Structures are given as structure tokens and as C-alpha cells.
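In the C-alpha cells that follow, the same protein chain appears in two forms, which are kept apart as structure 1 and structure 2.
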Structure 1
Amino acid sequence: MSEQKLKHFVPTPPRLPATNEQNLLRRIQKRCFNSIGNSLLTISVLVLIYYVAKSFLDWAVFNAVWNAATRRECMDISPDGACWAGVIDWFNGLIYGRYPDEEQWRVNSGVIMALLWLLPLMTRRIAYRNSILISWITLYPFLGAYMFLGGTFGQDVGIIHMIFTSLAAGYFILLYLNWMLCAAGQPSLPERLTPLTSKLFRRGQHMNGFLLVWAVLSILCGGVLAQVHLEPVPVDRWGGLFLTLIIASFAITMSIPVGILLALGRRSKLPVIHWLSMMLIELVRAVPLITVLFMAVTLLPIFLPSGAEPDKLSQVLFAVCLFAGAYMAENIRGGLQAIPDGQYEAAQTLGLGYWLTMGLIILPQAMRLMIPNIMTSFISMLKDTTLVSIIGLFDIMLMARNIANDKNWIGLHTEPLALISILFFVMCYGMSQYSLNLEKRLKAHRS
């Protein structure tokens, strides 16, 4: 009897499809009104949000003054509203500082060129995508500095700066030519030159073709730029959001190589390198950024030879780069410690040396693991760059304070600070969302 039951298969009845309980109203009811206490808390928060939002909109939008000549006129029109007329009057200064009005197109062109340089990274079909980011870090600063500083090749611009600016311009054109050919499904320029380079070189025809095209384009760009004269604009005329973005971009991009070197130095088995790296990291992390800025501005010129004192912006860039690099080193060191020993042993089995092991196997995994921490450091550095106003650089914070000293807008503090808060919120939120997107994309690739 028992044997007959075991041999008789009784299928289970099919389950009914799950009902859709994830619509918006059900989720709100389940999360916010699932008990009396949560219902009271939700209603209290909604009432608080209503009064705060209503008061803010009344001040910032409905009772605001958008067109006036002075702050007194603003107060006469609407004493309870915001005086955005002063912010509009100083908007150019908040963005460009004291940069000459007729030369501000160069700032816009330089920023657009920086964004266009990174745009091909969104295309997965293009080859050697990592080289785009490396070229942006190593070459674009020369092209951007030429756009912002101006001058004439061979006279105001030094020979080294002139060579690297030509290389940057040539690489930028080559990058977009290859991108357009890739989008059209055509072989890239170096691949088209393979029949020619194969006759000249036995090995590395593709790389040699790339270098040949790059050299020709760089020479042509250098020849064109030599005929152009841009009005020189000294560094002390830079300011506003433009200067803030320059300092933050430099600190963010340079913190990664500096942090990698310091992290590898701290984990080095060589005592001198290990202790020097550890002392530098701990010394910088033990003091706030403003202390590092004052040390760079006041102490650094003492140790330099007479006549070699750099401008204040260069000293600030050195200080923020050192500060960001020390914090980045600890983030990267945490990622390195999370890599299992099997990865090192596998690299040794393949016969890879120290630098190839780090560059091809260990560091990519460590950087992927530490993306949230790295992006947090970037956001923190973007906000900390506003401290440079204390040492006299006319960044966006100092320009905002100058509005209150204008005879027409005396006492106008709140509106400029509100505008700066919105700008920083947009930038920081955008960086945070990009970090989340990058993290999901890398996890998807791993799966």
C-alpha cells in the first residue's frame, strides 16, 4: 500500500499569479499609514513641509523683486520678498569673477571643450576608453590654461606649454575623428594607415599609426595656434564659480594619482618609503584644510629660491592636491586591504611583476570597491574649496560677500547665499547620482 502511494504522482495545483500590490497608493498606505503612530507622524511632517515650502515660495518667488536699481528700491516694492535684482546685477561677477567681459567667451569655450573631451566616454563601442580619461587629466590642463591665460605662442606661452597645448589640440581632433568613424561603422584613422605603417614598422603598426596621425594633427594645430593672439588675462583676475570649478577639478583629478602613490607607499615593504608616506598622510589628515592653505601660502615661498615664488593660485592648487591626495590614499588603502590574497598569488602565477599586478589586477578591483568613498571625498572637496576665499582668492563665496559691500546693494547677504546653495546642491546631487549609476553599471558588468 505504501509502495503504491509512493509511485503515484500527485501534482500540486498551480498557484495563482501574484496580485500587483506595488502601486503608489498601496505603497504609501503600507509605509506611512500602517499604524496610528506612523499616521500622526506622517501628517505632522506634511504640515511642517507645507508651512516651510509656503514661506519659502512666498519669499523667493511670489513676493520677490526681479527688477530694481538698488536694494532700497527692492525694499520699497516688497519688504518681505527676496531681492533677486541684486543677484542678477552681479550674476556675471558670481560666475566669472573679475575676468574681462570681452574675454569671457574663452571661459565658456574652455569649459565646453572639457565636457566635450569626456563625451566619448558614453560610447561603449569606441576603443581604448581609458585613454580618454588619462588624456583629459594629462593634456587638457595645458589647453585649458592656454584658453584661460591667453597670450601668443613663442612669446607669452613657454615652449613646453606650447608643445603640450599643440599635443592636446591634436589629440582632441583625433579623438572626435575616430569617434565619428566609429559611429559610422568605419575603421579608425590608425587602422586606415596600417598598410603604410606595416611597411615602416615590423611590430605595433596600430600604435605607430596612431602616433603618426597624432603628430601630424598636433603640428597642424600648433601652426594654427601660432597665428592666434589671445589677450593675456592674469590669474589674479580669475574668480567666481569659474575659479571654484578650476580648484575643485584640479583637486579631484590629481587626488587619484597622488592617493594611489601614497597608498602604495604606505603598504610598501621598504621602510623609508613606508614611513615617509605614512608621515605625510597622517600629518596632512591631522590638520584642517584651512591650515594646509595657510602653510602653502606663507611657508612654501620661504623654502623656494628667490624669484621662484609661484602665484597664489598655484600655491592653493598644491595645497588642495596634497590634502585631497592624503584622504584619497586612505580610501584606496582600504580597497587594497579588501582584495583577497588569492588575487596576488594568481598574478604571481602568471609571472606578472609588481607594477603590472597592481595596474592590471589589484588597483581596478580596489577602485571599484571604493567608489562610494571616493565619490564622498570628491563631494567633500568640492564644498571645501570655498575656503580659499579666506586667503583672498575671489571665488564665488568672496564675490557673494562683495555684493553686500556694493553701495547699491548694501546688506544683501541672503539671496547670494541662497543662489550658491542651490548651485552646490545641483552639483553635489549630480555627482552623487553619477556615482550610484556607475556603481550599478560596474556591478551589472561583474554579474
Structure 2
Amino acid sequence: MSEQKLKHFVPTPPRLPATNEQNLLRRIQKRCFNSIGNSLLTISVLVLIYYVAKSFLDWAVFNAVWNAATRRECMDISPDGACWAGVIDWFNGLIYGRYPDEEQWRVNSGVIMALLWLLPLMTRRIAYRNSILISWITLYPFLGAYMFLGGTFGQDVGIIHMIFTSLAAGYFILLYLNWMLCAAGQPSLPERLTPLTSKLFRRGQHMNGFLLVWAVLSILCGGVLAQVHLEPVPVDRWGGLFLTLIIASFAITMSIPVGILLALGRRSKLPVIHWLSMMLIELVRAVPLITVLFMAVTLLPIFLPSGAEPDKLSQVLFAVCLFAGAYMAENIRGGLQAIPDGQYEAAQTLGLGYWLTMGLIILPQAMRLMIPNIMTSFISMLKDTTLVSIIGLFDIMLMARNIANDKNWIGLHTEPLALISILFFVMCYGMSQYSLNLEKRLKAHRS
């Protein structure tokens, strides 16, 4: 029976060749209105977008009040609109917290200095890239802390902090000298210094000259800084976006070394180290960040000797560092596992020891492989910093909530929250787009 049918098999006529449909209208019709269901879907989406956009714009822009002294005034002018006047009134607080007004230039210049320190990395022709990054992690915090905390050298600023601040300032100057030389196509600064110092040192090791100049510059900077008096600003007056960024950047920078150590520990063949790191990582990853924060805040004062009670920011930084490190350790472990055994064997053949193998061969490759995951972790760390408001640190979140307690702006909840939502969206979305871009670029390099 079926064979009978097969004999009279009539092939369907071949489809027409696809025409090149560049016409915009045709394309829209084909993708949005190709069937009744799809047309209905398109129309309902358009209606939805129209209503959401219209009501949002009406509230945020067209009916909004930008100029008023109190919330009552806002309500009188336009009851349905946003009251941006309150947010504008508190804008300084949202950015700097309770940092004294006349000292806020220090926060600005400290943050700008941090960015300037990293700026040379953007240029292609610069020697000693890694040293810039390492110095930013190890030296800049001292300079930044001095700028933000203030105090006079020798009185409020401890001796170690003094030395490192001077070293950081000296390095900063050298960094820019070096950058200018490199940008002009000249040999880098250490090489330039070689003829100057070759008379002092028997062998013309250019690093010696560099260190000498650095030391001299640092002493000079220290001398200058010692003459300056910066009004001390205690940590409990820090707040707003400034504090959020400090906690987030601390979490981001500290997560990498802590994560590397924990990941190496977890991959170690020595059972004690393996088990200790694994227990720490798994314990921290299994619990919510808020419990780690509560633990740091309530347990640290109990575990430390009485009298040595750390301030709240240090407690939070400890918790955040532990938490971010444990998550980063798992990212890095993924990268380490992706490195083929041949790389380890090749390093062994060259006679490299454990730390050299890891530092020069394995970790750079592992980190590069894991860049997307690491960036995702950074984004979630930035978002998670809002949690410190629960334990009473005046970050941008708590500052935004506090506007509603101001007697002039009582009950003004929505506008500050909307503003910081937009701010976080811009930061996080920017970071994620940057990481996608980076991923693409690295892929292009590899293939």
C-alpha cells in the first residue's frame, strides 16, 4: 500500500530564492506583523511602552518640581510630580555623607588622584605596566587615607603611614615623569637615570638609580606634606557615594590577592592547607553577606582584646574582604582548572619553582580566562555594598533613606531612591558593557 503511494511521489516545488529584503518597511512587516498573533503582540507591547514611558516622564520631568524649600511647597506646586528639589538640597550629602563642607575638595582630589594613577595604563606606550597596578594597590591606599583622614605628620599620622604616604607621593611624581618620557618616545625613566647614577654605583644597574631618585623625591614630598595641616576628619563622618566607592573598591582590590591565596590553597596537594581553605571558602559562600557583616560587627569586639575596638568601617572592610575573597577564589579556581597540564610540565622543565610557575605562567593565563566571571563578581560586589546600610554605615543608601527623616523633606522616599537606582544602573551597566567589550577584544587577540 505504502509502496504504491511512494511511486506517485510528487516533490513540492522548490522555494523561490530569498530576495534581498533591505527595505525597512518590509523587514518590520516581516518581523513584527507576519501573523495576527504577532501583530497583536506588537501592538500591545507598543501600548505598554507608551503608557509606562508617558507616566514615568510625566512624573519625573513634566510635572516635576525643581525649586522648592520644603516638601509641602513641592506638593502645593505639583502634587503628582517628582520633588527633585529635596534631592538637589541633599545632593552634597548623597555624595560626601557628613564630610565637612570645606574639606570636600580633599575627597575630590583624592579620587581624582586615584584615577590619574591608573590613567597611564590607558596609553599603549608605557613601560612597567604591572608596577603601576601594583603600586596603585599597595601605595595609593596610604596616600588616599591621608587625604581623606587628614591630620598632621608626626601627630595624628603614624610613622609607618607617614613613610608610605611620602613614598606614594614620590612614586606618583615619578610615574608622571616616566609617562611623559614614554609618550615623547624617549627611553623610560629608569634607563634615563642610569648615566646619572653610574658614577655612584660600580655596576650600572638602572634600578638603583631609580630607587635613589624615588627616595630623594619621597623625602622631599614628606618634607612638604609635613608643613601642611589637614583638618582631621574621623571615619564616622565619611558617607554617601564616597563611602560606597571606598568599600566597593576595597572589596574589588582585596578580593584578588585573597582569592588567589584561597584558590591556590584549595588546589594545594598539602591536605591541611587544602582543607582549611576549602572550609573557609565553603562556609563563607554558604551564608548571606548580611550574616557575615553581622558576624564582623558583633563578634570582632568579642574576639579582639578589650580596649582594641575597631571602628565600624574596619569591621565592615574585614567582612567584605572575606566575603569577596571567597567568591573570587572560586572564579580563580575555575581558571586554574582550565589550564592544561602541559603548562605546569613546561614550567617544571624550565626549572621554575612553585611560586614562579604560578606567578609567571599559570595565574596570568587563569585570570585572563576568567575575566568575564571576575567582572561579574565586581559588579555584584558594587551592588552588595548597599548592605552596609543595614548595619548603620552611612553609605549612599542610608543617606538616601535619611532624606525622608529631614523635617523639611519628611516622607520623601521615592525621588532619592529613584536617583540612586539610576546611579547604580549607570555604574553597573557600564561595567558589564565594558566587560563584554574586553571579552571580545581578548578573544580577538587569542584567535
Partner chain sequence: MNFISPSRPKPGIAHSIFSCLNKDSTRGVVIQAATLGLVLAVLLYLFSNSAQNLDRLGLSFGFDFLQTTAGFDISWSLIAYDPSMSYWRVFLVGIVNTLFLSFCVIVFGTLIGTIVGILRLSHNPLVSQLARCYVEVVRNVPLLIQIIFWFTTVFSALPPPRSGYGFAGLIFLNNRGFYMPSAVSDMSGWLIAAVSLILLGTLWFLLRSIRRQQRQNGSVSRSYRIAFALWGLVLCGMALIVGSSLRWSVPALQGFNIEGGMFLPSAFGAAFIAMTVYRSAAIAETVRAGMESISKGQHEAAATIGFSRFQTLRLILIPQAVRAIIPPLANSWLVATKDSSLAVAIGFPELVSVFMQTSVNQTGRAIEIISMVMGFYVVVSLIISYLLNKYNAHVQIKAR
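Residue 1 is the first residue of structure 1, and the numbers go on in sequence order from there. The structure presented is a predicted model; accordingly, all values stated were derived computationally and were not measured. Between two forms, the rigid core is defined as the largest C-alpha subset superposing within 1.5 Å.
The form predicted together with its partner chain is structure 2, not structure 1. Superposition of the core reveals a Cα shift of less than 2 Å for residue 383 between the two structures. Core-aligned Cα shift between the two structures at residue 31: this is 5.5 Å.
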